[in-house]
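What follows is a single chain, given as structure tokens, in the form predicted alone.
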């Protein structure tokens, strides 16, 4: 059954593009989670929603308008947060509210939802064209290359921003670069899971990986594995069972999180029971 599915061109494009997006989102998401900015991707996705609505309303290509709006919003909020010391959650609230407001107003002016807007909201990975796949692969390669090049500095800034400033790193410029990469990652993911579920793909594999309590590199590898596996299984299961691909991918990722959380819980219980048993034998 699976080998028959893989013979279809649209499934090959979906899986290849999905793996590229999963790796990119996992890499970007780990830094966001460690910076305690998990919901930043959610804010960017809502700004992307406003950008997509602008594109559809003005008859421009929605992905480009979403990309421009998301990048400008991310840079603006980062600048505002630095200059006013605005808390991260407040900055995210501004992004969420603004993106939704723009989208709702333009949807109302356009006369309601369209099929194109629906596909952007909930994803249409099985409809990815060859051009879409090439764009996704190119964008993913660029993002991962830049992350690799600035890897050490990003880690330094993530764990100790003040010390990074003292050591001579231009933290402000690096933060601007990072939010641009995060914005591009969000837009690249739109075709995969849709605007409403992007933050789940970025955050869930990383918080699952962090529960294993490993070092940074091992955590990154675990997160990457979970993200890729979630996409592969999600796409295949959605096709076999005729389910929405975006939602199935996220549910698969959530299932991995629940399994990891349950395993960790029972391991703690076993360790506690073993400790109690040893104490009892010692007393006797």
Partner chain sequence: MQHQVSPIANIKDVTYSYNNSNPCYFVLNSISFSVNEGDLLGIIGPNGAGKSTLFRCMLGLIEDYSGYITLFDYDVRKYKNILQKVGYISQRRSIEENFPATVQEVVSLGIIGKRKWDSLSKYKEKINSAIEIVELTEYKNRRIGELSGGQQQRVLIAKSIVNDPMLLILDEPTTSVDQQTQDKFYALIEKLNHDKKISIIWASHDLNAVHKMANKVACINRNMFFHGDTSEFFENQELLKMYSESAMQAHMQSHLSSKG
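Note that this is a predicted model, so its numbers are computed, not measured. Positions refer to the first chain, counted from 1.
Same protein, other form: the form predicted together with the partner chain, not shown, and the subject of what follows.
(request) Taking 4.5 Å between heavy atoms as the contact cutoff, choose which of 210, 80, 144, 126 touches the partner chain in the predicted complex. (result) After the contact test, the surviving option is 210.
(message) I need to confirm a contact call. Of 248, 219, 65, 37, which residue comes within 4.5 Å of the partner chain in the predicted complex, counting heavy atoms only?
(response) In short, 219.
(request) Considering the partner chain in the predicted complex, find the one stretch among 128-136, 67-75, 91-99, 166-174 with heavy atoms no farther than 4.5 Å from it. (result) Heavy-atom contact with the partner occurs in 166-174.
(message) Under a 4.5 Å heavy atom criterion, is residue 119 part of the interface with the partner chain in the predicted complex?
(response) Residue 119: no, not in contact with the partner chain in the predicted complex.
(message) Whether residue 84 contacts the partner chain in the predicted complex should be assessed with a 4.5 Å heavy atom distance threshold; does it?
(response) No, residue 84 stays farther than 4.5 Å from the partner chain in the predicted complex.
(message) Does any part of residue 155 reach within 4.5 Å of the partner chain in the predicted complex? Heavy atoms only, please.
(response) Residue-level check for residue 155: yes, a contact with the partner chain.
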